[in-house]
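One chain follows as structure tokens, the form predicted alone.
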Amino acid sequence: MSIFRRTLIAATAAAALAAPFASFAQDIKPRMIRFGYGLNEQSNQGRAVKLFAQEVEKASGGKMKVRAIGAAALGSDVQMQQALIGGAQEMMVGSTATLVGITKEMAIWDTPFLFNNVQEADAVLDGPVGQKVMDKLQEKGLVGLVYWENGFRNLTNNKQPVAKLEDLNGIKLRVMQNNVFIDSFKTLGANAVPLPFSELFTALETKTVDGQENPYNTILSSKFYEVQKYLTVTNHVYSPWIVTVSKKWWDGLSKDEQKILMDAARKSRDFERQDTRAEAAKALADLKAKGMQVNELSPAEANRMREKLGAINASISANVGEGLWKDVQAEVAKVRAGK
């Protein structure tokens, strides 16, 4: 047998032997997960998504990989929610407020002055009532994994310091695309303008709106200090984010894969809350250093706002159901009583 023929036979045999392994390698191609979010990579949101991605890859031995896509590159919260429902995107994190149009019970977290501090928020959101609200998403094609912290929301604007209720009169204030926010600020005298977050900086820069309301961290990471002069510490709403998954996609995962994602989500939640709170503690000082004029709403004025918003609370109760409203109020009271 010639050397050429022996070489050809050996090469053919090697190829035949390698073929099943090549096929096997293709079969175990990592499961890619697109995880969309609205803020930039350097934000608290971006850092927590990065940690989540690392945890998933580590726990799955590289069989699951998360592609983090920030800066609203996959669209606004509302657009991403629709992509998840349709199965065109796997995961996202966004505001609970933008889910109200899909699951009305999410409006409970928009209640003005619902929580006094983050400890109350953690206990309620991570408890049975928080889970009950999250579970409602499954009826609409979404699966909620965990709540993250956005933080207490505060006002910024370019017209004047807001020291009293009347100072809000006529201010064109960007609010989320959510009826509770729209109605709340209209009731307080502002001209509430619903806009996606992805359009907000440009709207402030072009003076399409005068102001907005968000936690310190978001004001800082989104560089709103470049286009806003006044910041009023109101702590008017505690604003959660929520990590959601496409139910269509989730139902196709194995129990082990679902557990990997859930475990990573809980780790990312604990990291994100700690990170967000540490950042918020210094963000206010940073915003002052960058030239924003900061004032704090007095307790008396905060009470005036609460009283003015009584009708909003009644409408939230009617919308989410009196049973859920009472459950949440009872849970908050229990936490305050130290039970």
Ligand code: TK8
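Numbers for residues come from their place in the sequence shown, where the first is 1. Model, not experiment: these values are computed from the prediction.
The following text describes the form predicted together with the named molecule, which does not appear among the structures shown.
- Among Q228, S95, T234, S221, the residue placing a heavy atom within 4.5 Å of the named molecule in the predicted bound form is S95.
- Contact with the named molecule in the predicted bound form, defined as a heavy atom within 4.5 Å, holds for exactly one of L287, L39, A59, I69, namely L39.
- Checking 158 to 166, 203 to 211, 118 to 126, 174 to 182 against the named molecule in the predicted bound form, the stretch whose residues place heavy atoms within 4.5 Å of it is 174 to 182.
- In the predicted bound form, at least one heavy atom of W241 sits within 4.5 Å of the named molecule.
- In the predicted bound form, at least one heavy atom of D77 sits within 4.5 Å of the named molecule.
- Using a 4.5 angstroms threshold between heavy atoms, N150 counts as touching the named molecule in the predicted bound form.
- Using a 4.5 angstroms limit between non-hydrogen atoms, F197 touches the named molecule in the predicted bound form.
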